[in-house]
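Below, in structure tokens: the form predicted alone, a single chain.
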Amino acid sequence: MNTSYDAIVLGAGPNGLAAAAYLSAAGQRVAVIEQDVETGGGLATQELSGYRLNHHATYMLMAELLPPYRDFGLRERGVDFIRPKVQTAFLFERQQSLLLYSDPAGSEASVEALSPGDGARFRRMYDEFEQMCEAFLLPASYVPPLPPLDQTIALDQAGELGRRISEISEMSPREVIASYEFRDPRIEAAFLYLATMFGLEASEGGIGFLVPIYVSRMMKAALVRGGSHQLASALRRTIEEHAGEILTSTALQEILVREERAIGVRVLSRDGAAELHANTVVSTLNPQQTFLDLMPRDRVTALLSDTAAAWEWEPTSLFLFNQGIVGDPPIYECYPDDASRALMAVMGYETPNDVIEHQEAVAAGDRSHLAGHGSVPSLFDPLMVPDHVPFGPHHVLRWECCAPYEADWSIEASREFAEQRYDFWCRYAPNLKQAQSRVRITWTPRDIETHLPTMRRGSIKHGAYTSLQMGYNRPLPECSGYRTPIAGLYLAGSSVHPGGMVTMGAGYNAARVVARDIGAELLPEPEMVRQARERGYLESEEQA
């Protein structure tokens, strides 16, 4: 193990790998510290008996928009995104459904067939969300955040669309979807589910700007061919080709601070304890790990320690199971054929209140609601199932729903919870009862925390998305530009702008800030960022 580097990155999740890739490509001697035996964090794929199971991140919302995908030629390194034609099937009672496609024309036709007149409302919402995402919301993920007042002024000066973005930013997800006045509550419920399925609270005000991103991108979601970990593996190879080092199975013990400056870390590996020194330390850990667990209290300001101690986690987490079966994929009888070809099938929601009440019940610890979504990655990617077994067919099933952290998640309780959801899925796809289960792995909120300690209390985004914990306030204004009050210490995880969900925005942005500070050469910004600057939605690069 070397002991001296230019930069040390803490955590080898998507943001840590992205930050390390950019810094190593800029000529820095980089080490990435990861306590797990493997890199990737939430980009986790496990193979059991030939079945490949994505235990965490599965639906890639940004896919080919990820800056590292372009800058490091990840396609040529083996990263291939699969975008299914049929994105989501909402299965309602009385054998009715709503189908959403990657082509908005198909979605509009399905909305109109379910509720005449709502097709035009959908198209108005879709077009507006697309314009918002293209003009500002997606580019803003790849630049440091502005103070709220400065950003509001910039949006207001950018024109009518900018003012509309400011308007919905003050709303809750429920209010944003309701503003399009769909006649059929099932359609409103469907889009509210898309907006909140990754942990947004439907009634939380001040986070409405996230709704266009989730709704729009969840109609363009993609899978990584061969499993989500392929994306992490390509980034790791990029780092190593630029002479960066990945130190796995290495536990962090302390961030070393001397004379108000971070100078490295103390670690414990298979080879014993060691001190690694660097001019720059980049933490992708959550605020409590960075400022409370790894730093002596006398080295942390009262503001940092108080903010970390009061950091707010999501009131709900996720439960999921991955299951390898021998048998046919789910066939949703009495529903359109395309429902059985969808990336996701959502079940159990008929009204917006169903979505809200489910969230509220889970936040209160209630696990009784039967609702959520299922998917079959192997429908689109044959690499996810065995190709060497003579009997078949083989498929990988995935179920996901919100769940409370504070609950009995013993092995028996987890198995029972999974069985109840599988039986619920079988109500819509009776043929699943005939499938033979070969493997099943459940991930409860506590399993998420165990496997990914940065996701304390099963917090998949490293902290709740509230108006006081987003943008310039994430985790607090003094750290919003990725620098911290401790010289040489930077933040780059999901607990800073733009948050989680494998955008790699935090890692990308932090690496650019570090590069500016040390005078390293910067790669050109994404074209969408350049255009947003030209249109006035973002500061010019010189101002930034």
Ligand SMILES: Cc1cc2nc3c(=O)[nH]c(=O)nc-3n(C[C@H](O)[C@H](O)[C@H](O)COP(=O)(O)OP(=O)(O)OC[C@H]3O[C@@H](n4cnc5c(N)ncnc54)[C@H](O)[C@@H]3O)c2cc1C
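Quick caveat, the model's predicted, so the values are computed rather than measured. A residue's number is simply how far along the shown sequence it sits, counting from 1.
Not on display, but discussed next: the form predicted together with the ligand.
Visitor: Want to guess which of 512-520, 479-487, 37-45, 23-31 is within 4.5 Å of the ligand in the model of the complex, heavy atoms only?
Guide: Looking at the other structure, the answer is 37-45.
Visitor: Flag Arg52 as yes or no: does it have a non-hydrogen atom within 4.5 angstroms of any non-hydrogen atom of the ligand in the model of the complex?
Guide: Output for Arg52 is no: heavy atoms all beyond 4.5 Å of the ligand.
Visitor: Within 4.5 Å, heavy atoms only: does Val502 come near the ligand in the model of the complex?
Guide: Output for Val502 is yes: heavy atoms within 4.5 Å of the ligand.
Visitor: Heavy atoms within 4.5 Å of the ligand in the model of the complex: does Thr250 have any?
Guide: Thr250: yes, in contact with the ligand in the model of the complex.
Visitor: Report yes if any heavy atom of Ile460 sits within 4.5 Å of a heavy atom of the ligand in the model of the complex; otherwise report no.
Guide: Contact with the ligand, yes.
Visitor: Check Leu194, Thr351 and Val355: does every one of them have a heavy atom within 4.5 Å of the ligand in the model of the complex?
Guide: No, none of the three is in contact.
Visitor: Check each of Leu138, Val257, Leu285, Val396 and return the one that places a heavy atom within 4.5 angstroms of the ligand in the model of the complex.
Guide: So the residue touching the ligand in the model of the complex, by this definition, is Leu285.
Visitor: Can you pick out, from Phe417, Phe72, Tyr405, Phe198, the residue that has a heavy atom within 4.5 Å of the ligand in the model of the complex?
Guide: Looking at the other structure, the residue within range turns out to be Phe198.
Visitor: If you apply a 4.5 angstroms heavy atom cut-off, which residues in 4-31 are near the ligand in the model of the complex?
Guide: If the 4.5 Å heavy-atom criterion is applied to the ligand in the model of the complex, 4-31 yields Gly11, Ala12, Gly13, Pro14, Asn15, Gly16.
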